[in-house]
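As structure tokens, one chain now follows by itself in the form predicted on its own.
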Amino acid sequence: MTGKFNLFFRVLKKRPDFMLGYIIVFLIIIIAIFAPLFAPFDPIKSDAKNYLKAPQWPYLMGTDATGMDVFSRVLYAPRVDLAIALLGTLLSAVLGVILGAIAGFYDGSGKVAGFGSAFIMRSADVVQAFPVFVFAIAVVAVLGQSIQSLVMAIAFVNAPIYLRLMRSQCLSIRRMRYVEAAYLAGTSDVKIILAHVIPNSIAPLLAQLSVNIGWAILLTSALSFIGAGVEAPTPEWGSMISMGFQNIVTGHWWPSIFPGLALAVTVLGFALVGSSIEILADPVRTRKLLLS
């Protein structure tokens, strides 16, 4: 375990941008957990007397057109965005891993199993044939506008990614000798998949998981921006940008710029963490990085 930590810190020393990614993600999580301690005002309480106040004390990021404190709302927003992104991405990963393992393990096998594998892959093709944003809007329209609908939309659009990753890993792992030995020993297919295939295929999926969390936050904000996501006045970066961008032409830039910057930094952080996991999961790439 100590050796793995040493390797991790050596990689971070070589790539300071990876360290920046972990710092950003850590800070966002801390802010989301302890937002009530950091926020100076109620994030959903409006004050008509202080609408569109420029950044100044005590409104560090100013106020929006309804008089709500932008700084407090920016701090509270990760609670909603992270919760939706994490739940949706984890659900899509679980669904994609299970279906991908089945599709890969039974690819090219008997009639019933082979048909099931082909059906799973063709279903994934149908889902991926639609533009992601349009498909997410359709899911929300069918299920109704709610946080649960956003979670389901993210799960649906992301699941094919994990499905294909898992299938490609499974196609190579199922030919390994330890898998064949387990099969000859009479181990059931379910136990082989759970004990051998999935655990040995998880590394690239973890890298994808971090990237998709950032992407899910971006998708949540995009849906909220067009009015199909989180409803105002719930503090959420996309809805805040939507509420504030109309005031930019009048010179009141802060209600949309600050949540936009917070969104961009958060997505960047998760992308950097995903890139670091991708390198750490590949011994060849890790060795090349340390020797460079």
Partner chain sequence: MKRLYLFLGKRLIFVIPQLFGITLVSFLFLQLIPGDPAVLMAGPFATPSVLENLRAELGLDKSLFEQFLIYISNVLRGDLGNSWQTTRPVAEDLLQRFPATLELIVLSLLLALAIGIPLGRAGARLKKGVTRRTADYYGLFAGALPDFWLGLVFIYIFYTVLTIVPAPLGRIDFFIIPPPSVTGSLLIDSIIDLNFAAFKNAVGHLILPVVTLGLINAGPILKMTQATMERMLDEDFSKYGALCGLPEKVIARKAFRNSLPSVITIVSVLFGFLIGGAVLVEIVFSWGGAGQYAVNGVLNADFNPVLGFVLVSAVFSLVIYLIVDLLYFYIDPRTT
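Numbering follows the first chain given and starts at 1. This is a predicted model, so every value here is computed, not measured.
Below: the form predicted together with its partner chain, not depicted.
Report the stretch among 217-225, 178-186, 192-200, 69-77 that approaches its partner chain in the model of the complex to within 4.5 Å, counting heavy atoms only. Flagged stretch: 217-225.
Please identify the residue among 37, 264, 29, 54 with any heavy atom within 4.5 Å of its partner chain in the model of the complex. By the 4.5 Å heavy-atom cutoff, the listed residue in contact is 264.
Contact assignment for its partner chain in the model of the complex, among 113, 139, 83, 95, heavy atom within 4.5 Å: Contact residue from the list: 139.
Does residue 280 reach its partner chain in the model of the complex, with heavy atoms at most 4.5 Å apart? Residue 280 lies outside the contact set for its partner chain.
Quick check on residue 272: any heavy atom within 4.5 Å of its partner chain in the model of the complex? Although its partner chain is absent here, residue 272 would touch it in the model of the complex, with heavy atoms inside 4.5 Å.
Taking 4.5 angstroms as the cut-off for heavy atoms, does residue 251 touch its partner chain in the model of the complex? Looking in the model of the complex, residue contacts with its partner chain include residue 251, since a heavy atom lies within 4.5 Å.
Its partner chain contact in the model of the complex: residue 268, any heavy atom under 4.5 Å: Yes.
Going through 45-77, which residues have a heavy atom within 4.5 Å of its partner chain in the model of the complex? Please give them in sequence order. Sequence-ordered list is empty.
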